[in-house]
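The chain that follows stands alone, in the form predicted alone, written as structure tokens.
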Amino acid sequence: MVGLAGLSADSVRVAARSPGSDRSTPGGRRRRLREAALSAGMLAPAVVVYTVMTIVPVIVALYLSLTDWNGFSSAAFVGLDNYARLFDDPDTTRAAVVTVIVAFFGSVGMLGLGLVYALQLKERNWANSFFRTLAYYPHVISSLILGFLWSAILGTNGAINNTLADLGVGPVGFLFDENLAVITLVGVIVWAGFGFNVVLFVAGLQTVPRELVEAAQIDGASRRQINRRIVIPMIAPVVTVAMVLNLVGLIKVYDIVVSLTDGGPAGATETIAYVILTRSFAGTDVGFATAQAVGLMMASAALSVVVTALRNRQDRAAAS
């Protein structure tokens, strides 16, 4: 009885010290206030930096997009006139078409090549590690440098055309034929960026249960059937992430365009980002350039939302 009484007293004291028992006491309220202040203090620097570096610039850009401003004199409010000009300006329309082509085919190329490459290198050994590093290496180098490198290789007086000239063959217009220049731009972008997709896909492939693959092999499934029916569906979320990153990155591509083609020939490879930075801002038409930038930002956000929503709907349909 004494033991039970002592145990009961200990239980009461423990219960009295439990976190949920002192919520209404002054000490508990002070503790919660200290914890809330500590959490707010730890979050405050990140919130301040995010607000100053992201929220405030977006608000300023939205305002400037509604003005006629050359960057020096006072800004004159013009409402939605700059956005109306987006649909009437031929340079913007042409650049939008080029941007869509580059974003679509570049993203498809990086996804397809990256997935095929990753499926071949998913096993862990030194040879596969070497080829993964080899594929990822162009992604580490600056896009400007890659553009200058390929310009020296594919240009009119580049290494390939000089070699063809020695063989008595005329120069190939990799960079000075309007149609071929766009294809060349997409090809260089795919080569430079597919290694990042390889890294994502290899990481996703490591999460596929080996038991499922072995069971399918025992049932007589071929390697193609295993990849199509088991492996790829299981890494679908990784594919979605890679697709969104590719599309958003290619919609605003600029640096490799500058160093590879400089928007030529005759503006055939000018993207929206290129037009914004080299024409609108350089021409001191800051209000219109900001409207172009806001439109590009909204297109990127909408594209990300659409791709993610389609992926979620497919996941729900597969689960039902």
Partner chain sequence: MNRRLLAAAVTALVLTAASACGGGGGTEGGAGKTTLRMIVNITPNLTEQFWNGLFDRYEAKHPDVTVQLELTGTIEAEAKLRQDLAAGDPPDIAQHVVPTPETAELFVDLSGEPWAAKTPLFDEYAIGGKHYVVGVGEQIQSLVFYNKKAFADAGLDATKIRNIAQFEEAMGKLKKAGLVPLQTAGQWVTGAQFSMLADAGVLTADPDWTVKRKKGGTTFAASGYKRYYELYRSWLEQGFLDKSALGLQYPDGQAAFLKGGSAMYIMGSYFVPAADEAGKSDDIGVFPVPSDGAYPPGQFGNMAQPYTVVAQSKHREAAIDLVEWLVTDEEAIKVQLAADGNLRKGFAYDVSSLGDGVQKVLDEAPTVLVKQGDRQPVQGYADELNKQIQSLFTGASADDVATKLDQWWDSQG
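Numbering follows the first chain given and starts at 1. Quick caveat, the model's predicted, so the values are computed rather than measured.
What follows is about the form predicted in complex with the partner chain, which we do not show.
- Of the listed positions (157, 222, 163, 206), a single one reaches within 4.5 angstroms of the partner chain by any non-hydrogen atom in the predicted bound form, namely 157.
- Taking 66, 253, 286, 293 one by one, only a single residue has any non-hydrogen atom within 4.5 Å of the partner chain in the predicted bound form, and it is 286.
- Although the partner is absent from this view, residue 143 stays clear of the partner chain in the predicted bound form, with no non-hydrogen atom inside 4.5 angstroms.
- Though the partner is left out of this view, residue 85 does reach within 4.5 Å of the partner chain in the predicted bound form, counting heavy atoms only.
- A residue is said to contact a partner when one of its heavy atoms sits within 4.5 Å of a partner heavy atom; residue 57 meets this definition for the partner chain in the predicted bound form.
- With a 4.5 Å cutoff on heavy atoms, residue 72 counts as touching the partner chain in the predicted bound form.
- In plain terms, the part of the chain that comes close to the partner chain in the predicted bound form, with a heavy atom within 4.5 Å, is 72-80 out of 239-247, 109-117, 72-80, 122-130.
- Residues of 248-271 that come within 4.5 Å of the partner chain in the predicted bound form, judged by any heavy atom, are 259, 262, 264, 265, 266, 267, 270 in sequence order.
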